[in-house]
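The data below hold one chain only, encoded as structure tokens and taken in the form predicted alone.
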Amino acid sequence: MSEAVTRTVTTPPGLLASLDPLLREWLPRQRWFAGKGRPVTGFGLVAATELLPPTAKLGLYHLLVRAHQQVLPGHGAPEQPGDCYQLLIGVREALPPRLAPALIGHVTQGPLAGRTVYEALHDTRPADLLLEALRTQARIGGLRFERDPHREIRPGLVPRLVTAEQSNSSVVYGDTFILKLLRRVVPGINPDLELPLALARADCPRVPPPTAWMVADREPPAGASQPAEPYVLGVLQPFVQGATDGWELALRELAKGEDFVAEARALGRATAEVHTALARALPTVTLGHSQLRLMVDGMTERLEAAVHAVPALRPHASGLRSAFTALDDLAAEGRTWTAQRVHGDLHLGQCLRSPAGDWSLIDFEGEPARPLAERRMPQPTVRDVAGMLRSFDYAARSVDPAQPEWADRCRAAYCSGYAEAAGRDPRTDPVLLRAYETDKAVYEVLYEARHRPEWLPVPLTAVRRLAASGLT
């Protein structure tokens, strides 16, 4: 094993101020920026690390910046510290044509005046540096690069940026590894590292095991007796070469008029195997009436907020609310449920099918918009099941004409496959399943109304079905 490399670095004063006007324009255009629709009014520097000194040829900075935004759009709205983002800023005299899509802008003031800055992940040299830092377990400033000592990382693997990204960014190294860099980061244990590590200890083959990871240490507040929790910045895992994600595969089969039942059943078995392994690796809890009441209250609050924001929900509000009150009534009668750690945001796009036909689950970060503590809470496994059932519905209604019967067959096959591996069918607890599927559909309505109104009919169709099922 290579010895760890430790390097103390300094960053020039005024660095963020010189980048500020460029970042205000560039950051909101990124797909992974969460504060769209509200202008960035400034930045706060959380941490800055010089990874390569800005020579005439190339410089590289790792920045953690907090984007300040108005709470509501419009003049005079209050400003609040926003999300913290991880940035890798490359510095050159001028960009070669191959890096033109990565341009952030030309700096006119401060320590980088006269230079061009760009998104460094498009460049092979910065991407190489990250892998080498992970391989050698480097410590550079406040950045720590850790790895599993039992897993080899060969040097010299050729990097390429994955362009089809949303909430994060990924770099593939020689079809051997994939490095997922988290863009919006929060302090604490990130489930995207925590859960795959636990599953690796449990010898679960359905989730690629973390090979290495990078974190940023934080200074504890004055007088604190405990060290501050670090930021988890990225995770390196084996790359499943030739794999197809479940969403792409489902749409391909729909376009060809092919059935997806066998794949849905296999995916149900894979999901149950992951849940079983998580229950072995991490504690489980029993949910009684008081815990279920808190859960039901949260579902009800989300429904009320969505009804207020999306008028199309109002005719169905009473029927949807009954999904949650029915669950509360069961709990009041003494019914209990087991809760454990789950994926938290499971859908077809979070699943990979290898060329050999094996399914893997990826991206255990959970819903990024939810607080980290909430994402790490034990939940009934049916939460993941409900997410996948909704995903089949989305796939079936993304084609013209829609094919709801295709979704029905997939939903049934998925639950049957889950039962084969878990020993219990999610459909045997219809009240719990309906509550979680309703909660997911309400979330989808709000999301689509805000971001993709042309997709709004998809979750509204499910809303009508779920609201009416409470009347039978």
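Don't overthink the numbering: it's just position in the shown sequence, from 1. Note that the rigid core is defined as the largest set of C-alphas that superpose within 1.5 Å between two forms. Keep in mind it's a predicted model, so treat the numbers as computed, not measured.
The same protein has a further form, the form predicted in complex with a small molecule, not shown here; the description that follows concerns it.
Report whether the minimum heavy atom distance between residue 443 and the small molecule in the model of the complex is within 4.5 Å.
Within the cut-off, so yes.
Does the small molecule get within 4.5 angstroms of any non-hydrogen atom of residue 347 in the model of the complex?
Residue-level check for residue 347: yes, a contact with the small molecule.
Indicate whether residue 337 is a 4.5 Å heavy atom neighbour of the small molecule in the model of the complex.
Outside the cut-off, so no.
According to a 4.5 angstroms non-hydrogen atom cut-off, is residue 390 in contact with the small molecule in the model of the complex?
Yes, contact at 4.5 Å.
Give me the residue from 231, 173, 394, 85 that has a heavy atom within 4.5 Å of the small molecule in the model of the complex.
If I apply the 4.5 Å criterion carefully, the residue I get is 394.
Answer option from 328, 119, 273, 363, heavy atom within 4.5 Å of the small molecule in the model of the complex:
Here the answer is residue option 363.
Region of this chain that lies against the small molecule in the model of the complex, out of 61-69, 410-418, 443-451, 33-41 [heavy atom, 4.5 Å]
Stretch with heavy atoms near the partner: 443-451.
Against the rigid core, is the Cα displacement of residue 445 between this form and the one not shown at least 2 Å?
Residue 445: C-alpha displaced by 2 Å or more between this form and the one not shown.
Has the Cα of residue 23 moved 2 Å or more between this form and the one not shown, judged after a core fit?
No, because once the rigid core is superposed, the C-alpha of residue 23 moves less than 2 Å between this form and the one not shown.
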